[in-house]
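A lone chain, given as structure tokens: the form predicted on its own.
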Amino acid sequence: MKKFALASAATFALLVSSASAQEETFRIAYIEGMSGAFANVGDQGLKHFNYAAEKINAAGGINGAKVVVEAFDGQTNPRESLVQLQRAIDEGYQYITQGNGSSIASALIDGVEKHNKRNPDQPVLFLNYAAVDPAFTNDRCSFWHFRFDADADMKMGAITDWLEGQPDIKSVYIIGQDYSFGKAVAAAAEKMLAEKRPDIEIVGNELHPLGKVKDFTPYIQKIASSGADAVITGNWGADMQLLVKAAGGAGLEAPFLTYYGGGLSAVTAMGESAVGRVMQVSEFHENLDASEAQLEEIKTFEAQSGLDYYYERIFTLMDMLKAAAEKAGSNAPEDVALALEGLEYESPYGKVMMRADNHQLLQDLYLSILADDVAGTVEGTPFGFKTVENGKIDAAATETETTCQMSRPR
């Protein structure tokens, strides 16, 4: 009997110790494809999150709690990502993050909403760093979802503003991935070109399977046959790399106006043929003006991770998360969400602000072009991106009207 009492006491002490340790951590579930066609992109994002967490922990954590980011392999699949969401919830995670694939973000928003309605005392907050379907901050907005990347419409606004000043471009070909994001990019291009350059002819508008195409040569042949003066694409990951690699191999000279031309391995795949031809719209590239401290931060990250510094918005997300929690004096998701609304933050590249009405971050955007005459090069190549003339879009100018009618807990 005495041995049983001692064992029970020891077990109780172990459980208390375990619970205490959990309470002293700020746990974030990173639900991304860590295997399959986009595993390298999942790994890239995780390394950015872990580095950001290390920085925050070195400065005392979030309200004294150590930040822990753990990967859950959603396999770039909505159904599997929901399985991983439930696994994370079962393990006590109340913060999740994801970005690669709006179809996955869509499933996660629904999953978080359903969980929070059923479990109002244990809500989950979704921090979206890259899934940019405009619906998420419009008709499908959620109090429990915050986006830290510009949406597809905001980015297309920058691209079409540039096209407005290019009278030599008379025709474009739109190509993208066949899911909600690719469709949103195509719809935005059609709408904005009609408004700003009604004289431009859309000579092709095509969607291809996500992560399935191994050789884009047939698509490039169609683009070449169309006589397009420019190509618009929202492709990312391997679909971006292989598309532009095929274009270079075929000698297609039309400029590519992209969302993710600077994504992982894209520049290596594109090579010299993309110089002066591939453009991207983003919140960051390595040749933006920055303080010495920020330039040193970039060097440190790249030395530790073996990757280029790419996701500035992940660092913005983590820093704003810390600021919101400390403003609220609480690490509870609902309190943090309320503190995030309207929060302003001075990033290394200027002030950003989280809209309270639809939970969309406003930040400066840059239209840049691949060049061979820049100091900040990427992926061990002699190439990097530089802002085109008049290519900076101020944060306030990126704001769009919203149809969001948010249901709020209080």
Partner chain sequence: METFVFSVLNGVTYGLLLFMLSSGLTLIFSMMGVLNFAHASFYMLGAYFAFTIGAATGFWVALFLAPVLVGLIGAAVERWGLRKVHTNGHVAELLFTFGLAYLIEEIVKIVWGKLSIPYKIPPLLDGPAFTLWGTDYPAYRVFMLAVSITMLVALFLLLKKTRAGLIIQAALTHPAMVGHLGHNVPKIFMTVFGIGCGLAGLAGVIGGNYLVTDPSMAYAMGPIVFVVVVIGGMGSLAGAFVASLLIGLLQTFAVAVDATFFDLFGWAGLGAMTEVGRISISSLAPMLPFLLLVLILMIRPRGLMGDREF
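Residue numbers count along the first chain shown, from 1. These numbers come from a predicted model, not from an experiment.
Although it is not shown, the form predicted in complex with its partner chain is what the next lines describe.
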query	finding
Candidate stretches 35-43, 361-369, 341-349, 48-56 - the one whose heavy atoms come within 4.5 Å of its partner chain in the predicted complex	35-43
Every residue of Trp162, Pro167 and Leu193 near its partner chain in the predicted complex, heavy atom within 4.5 Å	no
Its partner chain: the contacting residue among Arg87, Arg79, Lys327, Lys222 in the predicted complex [heavy atom, 4.5 Å]	Lys222
Sole residue of Lys245, Lys322, Lys155, His285 within 4.5 Å of its partner chain in the predicted complex, by heavy atom	Lys245
Residue contact check: Asp215 to its partner chain in the predicted complex, 4.5 Å heavy atom	yes
Heavy atom of Asp229 within 4.5 Å of its partner chain in the predicted complex	no
is_contact(Gly306, its partner chain) in the predicted complex, heavy atom dist at most 4.5 Å	no
4.5 Å heavy atom contact, Gly251 and its partner chain in the predicted complex	yes
